[in-house]
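Below you will find one chain, with nothing else, as structure tokens; this is the form predicted on its own, and questions on how it binds or moves follow later.
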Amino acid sequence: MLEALAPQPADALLGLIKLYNADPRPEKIDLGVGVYRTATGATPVFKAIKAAEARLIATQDSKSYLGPEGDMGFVRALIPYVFGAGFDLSRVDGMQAPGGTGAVRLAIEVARRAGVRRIVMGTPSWPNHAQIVAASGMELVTFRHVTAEGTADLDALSAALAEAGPGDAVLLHGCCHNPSGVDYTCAQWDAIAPMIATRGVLPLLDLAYQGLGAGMEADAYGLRTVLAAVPEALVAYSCDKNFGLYRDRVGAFYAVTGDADALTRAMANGASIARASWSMPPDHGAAAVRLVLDDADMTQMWLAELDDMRNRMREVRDRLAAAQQVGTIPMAPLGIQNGLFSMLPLSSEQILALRTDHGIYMAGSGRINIAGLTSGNIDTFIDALRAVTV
């Protein structure tokens, strides 16, 4: 039977990691893997998480199952950060998921059970978005996310929403767009929210990088603006980046409704889907986040570490933007983009030349991880970029 399985394409990013690891050049630069790195190239465990884990070791008295909803203390501790301190708690409920990926999968499957048949999404987008939609059996309708000038294309979103209506959902990145780094401005979010409400489209809001753009509050502006305008929405949240818990897979799924019965049914369906998918989510990372958010000192420690991450990435972006133009590549737009990622308009031949001739590794799409650049290698990167684009 198994010989009937169709072959699947190799994961390009995993292949890139292998090539990078095999490269003996000491000056090589990894801009492909999507994790935060310090100025010395490390991806450390947050000090706040270390403190929470020490407390877990001292106090946790069981590893028994928590149920498909996971650690509800964790889920509820995040609510003020995601939805705002004044949000009507009767409108929202949630459950833990294995990473942001699990939360997106839950959101899309709940939307499908609710009658959604089409997902409207800007491109480029995080590759797993399209794969999850395809696995759900729903139709994917795309529009252009980035203009030729490197800003978010509000006109393209408006046109896509004009063709959408009840039975459709729109998938939007809350902040720090992956892979482009191009976010909607506050003024654009102010325009987007009533468009979604008018068309009766269900918003699916993916907030995977809160705190890494302009700060925890600023990065939630779009999500909160949409929620203030619509009766219902689904939210996917990840703690993998803003708590550094990549391998622990820490995420949350939230449903927002205007009706208590609808909220109960949304969560029951979420639990049903989770039970048939992963049964119970992993607990350790979520428990650590809960302890951080329940302790004022650890919360301040975490927020300070998050500030350091954001400031470092902003410094890298400012340095890149100061180059203005490198060969054929306009660099100024990188200074107004947010988060870990940006995309450079490079051909496959230029990307190959960067890897072969200069030891610089990036995704075939031209996506770069800003955190892979440091004060010690950024000039090398700019010089290499100039060399392949003249």
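The first residue of the shown sequence is 1; numbering continues from there. Since the model is a prediction, treat every value here as computed from it, not as a measurement.
Absent from the display: the form predicted in complex with a small molecule. The rest refers to it.
The three residues R105, S136 and L204 each lack any heavy atom within 4.5 Å of the small molecule in the predicted complex. The stretch from 184-192, 143-151, 270-278, 93-101 that comes within 4.5 Å of the small molecule in the predicted complex, counting heavy atoms only, is 93-101. For the candidate set R310, R317, R224, R249, a heavy atom within 4.5 Å of the small molecule in the predicted complex is found for exactly one residue, namely R249. Screening D240, E305, D283, D168 for any heavy atom within 4.5 Å of the small molecule in the predicted complex leaves a single hit, D240. In the predicted complex, the small molecule sits beyond 4.5 Å of every heavy atom of R290. Within this chain, N178 lines the site of the small molecule in the predicted complex, having a heavy atom no more than 4.5 Å away. In the predicted complex, none of the heavy atoms of F74 sits within 4.5 Å of a heavy atom of the small molecule. In the predicted complex, the small molecule sits within 4.5 Å of a heavy atom belonging to A208.
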